[in-house]
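To begin, one chain is listed below as C-alpha cells, in the form predicted alone.
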Amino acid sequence: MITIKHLSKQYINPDGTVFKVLKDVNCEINPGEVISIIGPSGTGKSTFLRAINLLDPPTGGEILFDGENILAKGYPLNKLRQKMGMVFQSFNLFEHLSILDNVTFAPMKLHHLDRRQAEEEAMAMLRKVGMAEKANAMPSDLSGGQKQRVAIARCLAMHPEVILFDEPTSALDPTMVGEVLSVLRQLASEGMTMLIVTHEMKFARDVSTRIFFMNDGIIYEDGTPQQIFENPVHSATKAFVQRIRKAVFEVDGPDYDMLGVHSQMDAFCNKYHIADKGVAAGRIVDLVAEKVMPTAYPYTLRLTYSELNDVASLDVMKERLEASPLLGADAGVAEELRRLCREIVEEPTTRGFRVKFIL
C-alpha cells in the first residue's frame, strides 16, 4: 500500500544550523497491517506520520501510495487525505458543531453526500465507537476519551484506506485510555490498516502485526512484536522495551511524610495505568510502617513497574538485616499481606534483606 524510500525531514534553525528530524527512513506498509511506532521522545515518530500525509512535507525521499508518488508535483492532496485519515493527540473537533455535524462535515463537503445519507453513515460510525447517544451533544460536553472516540468516528466516516494515529491516548486522563484503546483493538480485528505512534507498550505488543522502533531519526528496528519485545537485535531497542519505571522512598524516621508517599504512589500508578495495584500497594505500605517495621528505621520502599511484562511490585529493603522482617509479624498481618498480592518473595541481598510484594 505504501512504500517509503530514503525519507528525510530537516529544519533550519534561526542561527542557520540544520536540525535533521528524519534522516533516512525506509519501509513498506501492506494492507491490513497494524504498525505501532515506538521509541524515545524526540526521535521523529510524530514527524514521520505528518510527513507521510504531507501535513509536514518531507525535504527528501519518496512516498508511493497505491503506486503513485505523492511527492510528485501536482499530486492532488485532497485525493491523498480522502484515502489516508489521521487522528491527533488533541482531538481537533469543531467546538461550534454538534458531534453529528462534526462527523458529517467532511463527507458532505468532499464526498458530496446529501445530509440524510451523511447522517446515516455518521450514526453508523458513532455506534461503532460507542458514541451514538452523544450525537446531539457538543464537544464541550464530552470527556477526553469521548472526544477522541468521536475523532476516530469522524475519520472512519471518510472510509480511508489507512489511518495514522499520533499518540491518540497521550492527552487523556489515565482512566479514559482504555476506552480509546478498545476502539483501536476493534479496528485492528476488522483489518483496518493503521500506523500508531504510541507509548502504550502492552497495547503495542498485543495489537500490532509489526513494530517500528525509531531512534535518532531512522527506523532502527522493524519486526514482529515477539521479535522486538523478546529478541531485539539492537541494544538500544532492548533498553527501551525493557524499561522499568520506579518510585523510591527512603523512610528514615517516624516523622517521614507517609501521606506524601501515598500521594506519589497514586500518581505513579495512575500514570502507568495500574491504579488498581496502587490500592494494594498503599495498604501494604501502611501495614509495613505500622505493624511490621514500626521502629526499624531507616528502610527503603521501591515501587516498580515493568511495561514489557506488565508486572508491578513493591519492595521493602532494610540494610544489615539477616532475616525477613515478616518472621516477627502478627499472623493476621502476615495473612492480610498475602491476600494483597500475588506472591511474596523474601530474599537476602548483598547489603541486607528484601521483601518483594508482587502486586
Partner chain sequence: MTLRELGKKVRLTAACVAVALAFAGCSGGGPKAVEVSKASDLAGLRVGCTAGSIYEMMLSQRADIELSTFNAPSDDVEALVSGKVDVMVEDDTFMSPEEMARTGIKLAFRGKTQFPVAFAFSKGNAATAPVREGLSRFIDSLRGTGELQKMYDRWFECDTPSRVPMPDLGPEPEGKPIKVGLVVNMPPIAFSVGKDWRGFDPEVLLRYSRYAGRPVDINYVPLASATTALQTGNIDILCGGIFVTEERQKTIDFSSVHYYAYPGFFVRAAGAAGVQAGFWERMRQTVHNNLIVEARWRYILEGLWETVKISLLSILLGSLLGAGVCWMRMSRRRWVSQTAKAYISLMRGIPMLVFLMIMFYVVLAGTGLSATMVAVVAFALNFAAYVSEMFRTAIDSVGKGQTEAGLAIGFTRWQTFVYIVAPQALRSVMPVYKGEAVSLVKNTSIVGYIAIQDLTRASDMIRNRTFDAFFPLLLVTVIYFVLAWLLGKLLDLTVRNTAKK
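A quick note: this is a predicted structure, and the numbers were derived from the prediction, not measured. Numbering follows the first chain given and starts at 1.
If you look for the form predicted in complex with its partner chain, you will not find it shown, but the lines that follow are about it.
Enquirer: Would Glu95 sit within 4.5 Å of its partner chain in the predicted bound form, counting heavy atoms only?
Expert: Judged by the heavy-atom cut-off of 4.5 Å, Glu95 is in contact with its partner chain in the predicted bound form.
Enquirer: Can you tell me whether Arg50 touches its partner chain? I mean in the predicted bound form, with a 4.5 angstroms heavy atom cut-off.
Expert: Arg50: yes, in contact with its partner chain in the predicted bound form.
Enquirer: Is there a non-hydrogen atom of Lys73 within 4.5 angstroms of a non-hydrogen atom of its partner chain in the predicted bound form?
Expert: No - in the predicted bound form, heavy atoms of Lys73 and its partner chain never come within 4.5 Å of each other.
Enquirer: Does Val333 make contact with its partner chain in the predicted bound form, using a 4.5 Å heavy atom cut-off?
Expert: No - in the predicted bound form, heavy atoms of Val333 and its partner chain never come within 4.5 Å of each other.
Enquirer: May I ask whether Leu55, Phe105 and Met158 each come within 4.5 Å of its partner chain in the predicted bound form, counting any non-hydrogen atom?
Expert: Yes: Leu55, Phe105 and Met158 each sit within 4.5 Å of its partner chain in the predicted bound form.
Enquirer: Thr193, Gln82, Gln146, Thr237: which sits within 4.5 Å of its partner chain in the predicted bound form by any heavy atom?
Expert: Exactly one listed residue reaches within 4.5 Å, namely Gln82.
Enquirer: Could you spot which one of Val279, Leu110, Ala171, Ala137 gets a heavy atom to within 4.5 Å of its partner chain in the predicted bound form?
Expert: Comparing distances to its partner chain in the predicted bound form, the residue within 4.5 Å is Leu110.
Enquirer: Looking at heavy atoms inside 4.5 Å, which stretch does its partner chain contact in the predicted bound form, given the options 213 to 221, 121 to 129, 86 to 94, 178 to 186?
Expert: Looking at the partner contacts, the answer comes out as 86 to 94.
Enquirer: Scan 130 to 154 and write down, in order along the chain, each residue with a heavy atom lying within 4.5 Å of its partner chain in the predicted bound form.
Expert: Going through 130 to 154 in order - heavy atoms within 4.5 Å of its partner chain in the predicted bound form - there is one hit, Arg154.
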